[in-house]
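In the form predicted alone, a lone chain appears below as structure tokens.
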């Protein structure tokens, strides 16, 4: 073997060891801190907007005409659904790639910074029309409602920024594999690969839609195919939810066992779960369009099956996690049927937050099955039930996991320590957030079953008795929103305190090892090229026929409308 190649490999291994021993590379840490800062600033602004939205929906306030309910609703969705989640996911996974792969390559770091500024500039360009009431089209921006073309341009820049980060991750993993032949991709990098594959392939459809809408809103294209646009959006919208889920699952599998002093259940099972989530994720978007015309029942049934198939890796995750929790609890001295629960570190926010998130996913997943099923969906479609489900899945299962991650990740990238006092602050914040979501999401589910619509400001529909019966539930919604903004303020304070003011020191990046007696992980699990091909075949099964039909047999197009 070439002597210089051997020396480079040895140098690379020594660098990787130094990163793991001494902490994160300073340049990589600066990158992740920038992403985390934007994420939590978005949480703060989006949280304030959410409170205003909840108070108006409950009939307690009325927003001024120059910043109305629907503007607030649009900005709230963009800031929390797109900005918070995208910036947190990238900051989190890039910190993990730096740790597990021995530092980011300089060109990858450059790509991530370019992606960062593209997303920031895109966010500003998209938000300005919302503030000016020129893009009050909500997070889903369904045509024929037309926003300012600059709103769509801003969204396009955000997507391109995300793509740069995705390709940076792919380059990092490919370079590592080349330098470590015969070795498995580290499990955290394996999760990152799955998430960025979904981010890239899942966003292709909505990117095509956005570029079409740019031409349409500028007047270069007189009409747009509304049904095609909705279909392209939900090829992304459905996948995005599960990108957040897979990001949270990475912490459940890899981080939580380490925090509680245990080991991962199975390296092979973990990788199979990731592969299944990647393959089955994208072709499920039609269950969001289950009441739309223009698509056959056969196609909707196919997508319903593909959506429900995601439940299989989720059930595997539930089994693996409760196995780890029980085994670790019993190792710590837990006796009896449930005695192991008492031995878990409930006073540690790094465990408490993701544990509540995992528990919340049980009813959240059940609600998702209801919305995926045609008959049950007819009852709750376009009601506040859907918004309650969204706040239970994303606002609780995903965001609480993100919060739990922040209490070790922020100190890690800042070379600081989580103090017992800040840990108590985190525990209090987690309890407040949980109660807030219980009030808000619970009342949304219940009032949705009574027929209260989503995406509408407060109205009694002419003192209609049915609408008046929704009021008590909407008051509970407002109570939940008030608790949540308290949780937001505490969380944002905690993040920036840990980033700049906590005592300096070393914090571990917690990655659990698999069981000692576990058999060797099969080599086929690392064949990402094969899994991408299978994923594309499955996506083609779900989308080629309907997309061709929607294009060839296109319904009459619609000109742009401004309904506000």
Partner chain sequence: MKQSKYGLALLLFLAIPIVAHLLESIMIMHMHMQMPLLVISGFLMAPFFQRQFPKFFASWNENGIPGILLFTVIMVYWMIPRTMDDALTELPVEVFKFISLPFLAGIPLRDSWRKISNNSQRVTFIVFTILFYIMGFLYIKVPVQLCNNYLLIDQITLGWGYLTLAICFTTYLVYIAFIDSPKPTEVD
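Positions refer to the first chain, counted from 1. No experiment lies behind these values; they were computed from the predicted model shown.
If you look for the form predicted together with the partner chain, you will not find it shown, but the lines that follow are about it.
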item	value
Residue contact check: residue 60 to the partner chain in the predicted complex, 4.5 Å heavy atom	no
Residue contact check: residue 536 to the partner chain in the predicted complex, 4.5 Å heavy atom	yes
Distance check, residue 455 to the partner chain in the predicted complex, heavy atom within 4.5 Å	no
Heavy atom of residue 415 within 4.5 Å of the partner chain in the predicted complex	no
Which of 27 to 35, 497 to 505, 521 to 529, 40 to 48 lines the interface with the partner chain in the predicted complex (heavy atom within 4.5 Å)	521 to 529
Neighbours of the partner chain in the predicted complex among 529 to 564 [non-hydrogen atom within 4.5 angstroms]	529, 530, 533, 536, 537, 540, 541, 544, 545, 548, 549, 552, 553
